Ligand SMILES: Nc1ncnc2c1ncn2[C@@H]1O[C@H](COP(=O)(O)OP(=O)(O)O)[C@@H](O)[C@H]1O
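Here you get one chain, nothing else, as structure tokens; it is the form predicted alone.
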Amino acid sequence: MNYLPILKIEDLCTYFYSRSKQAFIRSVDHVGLQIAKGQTLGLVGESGSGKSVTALSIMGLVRGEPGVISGSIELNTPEGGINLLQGLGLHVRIHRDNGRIMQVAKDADAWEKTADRNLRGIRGKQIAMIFQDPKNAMNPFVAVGRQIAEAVRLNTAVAGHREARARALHWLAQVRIDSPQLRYHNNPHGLSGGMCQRAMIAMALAAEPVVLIADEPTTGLDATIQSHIVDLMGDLKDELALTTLLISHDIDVIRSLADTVAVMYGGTIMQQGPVQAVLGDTGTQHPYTAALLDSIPDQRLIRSKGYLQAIRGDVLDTMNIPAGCRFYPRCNKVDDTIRAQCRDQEPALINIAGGHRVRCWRFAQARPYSGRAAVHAMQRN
């Protein structure tokens, strides 16, 4: 199998400006990710950690001030590579203080024109997305079959209506939807949640994309339907060799479908690597990853009617990111040997074993502590 990255993200920053508080919301902050051909990368973390904004940044669906302001998103296809953020830096002036972005001046109109030009022929064709709420993502007044057929005509060499309809029926059958001929004529609100999600998956796959982004594909579905959707995506991954970025709160879904996983908190990556190393080996887990896993109820807890373990404190406000570790105020693994580092200096994302990286001072105690003067050198991936 070819393990060269199909999608490679480096130093991605997506900030938004709060006029009321006159501060930047650092939704995605120096994030780096990569996905190899045929692999699934799972992205997990609490709400507000930056997962969906990362996906929207890849798709070029972030607008507003300032939006995506730095980094690169490289897509490699058989036709060659392209940086989806190519040229955007020409329209942004960034003032940094000690490595942190403090002020941004952006020509929004020129930036959006360049972004749209970069993504022409990419968005929806080379990179497709399954959204959280398919009934709201699809046109409520147009039959789902016609919407899939339109995606075929827009993003493939198929131009005729008859052939596009045949391809739409093919994809409806591929996603195991019952009675494709009948469902072709149903509007989204005439379908159940599970069938609508299957139709959304069919529409995303109809363009035969290089990369598929699935943002919470099982959200809002009951447990049985969730299981069916997970089984479907697993089958499609095997049959079509899909390269997928899978975003989910459900760690069991990530375990079932992902080859590698990245754990996000406070807009940045806290841990990433092979799924078994990140979610299975308790000896090498970031304290945040361990806390997420501990908050999942198991059979023993249910039988004993015990209390769920919650992560203490509140999710980080990314307008007020501390100088030290972002998880430090909520961490229960801090001891006196690393307390000063955790409080004052953000750890680097260091490699601890073949492709397994962790951003935590517990795994970097051998590094010399030099206080705030080393923040800029250490905070970058």
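Everything numeric in this text was worked out from a predicted model, so none of it was measured. Counting begins at 1, following the sequence as shown.
Just so you know, the form predicted together with this ligand exists too; it's not on screen, but the next bit is about it.
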message: Taking this ligand as it sits in the model of the complex, is Ser49 near enough to touch it, meaning that at least one heavy atom pair lies within 4.5 angstroms?
response: yes
This ligand contact at Thr40 in the model of the complex, heavy atom, 4.5 Å: no
query: Any chance Ile58 has a heavy atom within 4.5 Å of this ligand in the model of the complex?
result: no
query: How about Ala23: is it within 4.5 Å of this ligand in the model of the complex, going by heavy atoms?
result: no
- prompt: If you look in the model of the complex, which residues in 14-35 sit within 4.5 Å of this ligand (heavy atoms)?
  reply: Phe16, Ile25, Ser27
